[in-house]
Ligand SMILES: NC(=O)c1ccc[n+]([C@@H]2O[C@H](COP(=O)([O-])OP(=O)(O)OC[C@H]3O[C@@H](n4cnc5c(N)ncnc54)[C@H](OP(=O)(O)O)[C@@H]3O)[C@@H](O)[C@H]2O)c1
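Shown next as structure tokens: one chain only, the form predicted alone.
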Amino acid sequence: MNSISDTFLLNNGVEIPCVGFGTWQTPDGEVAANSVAAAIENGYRHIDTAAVYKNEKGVGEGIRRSGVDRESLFVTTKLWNSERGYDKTLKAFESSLLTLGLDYVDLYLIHWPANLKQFQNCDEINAKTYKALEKILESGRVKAIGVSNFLVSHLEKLLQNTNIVPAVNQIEFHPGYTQEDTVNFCKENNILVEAYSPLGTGQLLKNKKLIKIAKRYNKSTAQICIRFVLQKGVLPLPKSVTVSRIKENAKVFDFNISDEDMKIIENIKDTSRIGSHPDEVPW
């Protein structure tokens, strides 16, 4: 990857820009619109949101405000857990399109797998939900479909009951928490892994080992984290509402982390999972 406009190739032949702009916890309205417009102005062409973020309207406004052709952008949104099931998924997708103010999205994901903690028939629910995504893909209003927060156990069951292999699995991934089993399974099945919270929701910015490595490259700790994710063959989704940091997070293509430093980062042990475990979520 040599620039922010470079792409990964999804398993259905669709190209996806190699760094996405995350919008989790970004307030709707002007904050979302301004940050998305600023990201696009600074080279981002991949915008990631979700129904549960409650900012799809602002994200859509930011896209329009940027003045960049819609066809030049890659937009992702996600189905929330309360809308699982075939019919509800179809309606939820229509609602997201309406809120975004878009005719189509490029990628639509199941945000979390249904789990046994909530449903005895969780595998059936996941399969029916994904069938709706396949129907949406068939309609042409989305270019690719996938999942988020799916572990190997969820993916194995899903692949037994679907016709289309997910193009993407978006999971928590950062130094100190790289979910190697899930990443390896995805790579073996040609599923692109996207990394949310690549900066560990900011916690990694204070990590002494990462700070030391960043100084060697004359880069910020955030840039080291993002570059690390890219060099692991994973697509990072950094998030910020601050223009200076939005710019900084995009400047990760003029250096490579050495094999020696990659090993140091891979062996960081003092950071663990920050988000919820997919088998334990109660929602």
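In this text the structure is predicted, and so the values were computed from the model without any measurement. The numbering used is simple: start at 1 and walk along the sequence shown.
The protein also exists as the form predicted in complex with the named molecule; that form is not presented, and the subsequent description refers to it.
The named molecule isn't shown here, but in the predicted complex which of 162, 95, 190, 201 has a heavy atom within 4.5 Å of it? The residue in contact is 201.
Going by heavy atom distances of 4.5 angstroms or less, which of 148, 99, 179, 129 would be at the interface with the named molecule in the predicted complex? Contact residue from the list: 148.
Triplet 175, 256 and 261 all within 4.5 Å of the named molecule in the predicted complex via a heavy atom: Answer is no for this spot.
Is there any non-hydrogen atom of residue 197 lying within 4.5 Å of the named molecule in the predicted complex? Taking the distances in the predicted complex, the answer for residue 197 is yes, it comes within 4.5 Å of the named molecule.
Contact label in the predicted complex: residue 64 to the named molecule, heavy atom within 4.5 Å: Result no; residue 64 lies far from the named molecule in the predicted complex.
Can any non-hydrogen atom of residue 251 be found within 4.5 angstroms of the named molecule in the predicted complex? Heavy-atom contact with the named molecule at 4.5 Å: absent for residue 251.
So, in the predicted complex, is residue 218 in contact with the named molecule at a 4.5 angstroms heavy atom limit? Residue 218: no, not in contact with the named molecule in the predicted complex.
Can you check 121 to 129, 179 to 187, 105 to 113, 207 to 215 and let me know which stretch has heavy atoms within 4.5 Å of the named molecule in the predicted complex? Heavy atoms within 4.5 Å of the named molecule in the predicted complex occur in 105 to 113.
For the stretch 221 to 258, return the residues whose heavy atoms include at least one within 4.5 Å of the named molecule in the predicted complex, in the order they occur. Sequence-ordered list: 222, 237, 238, 239, 240, 241, 242, 245, 248, 249.
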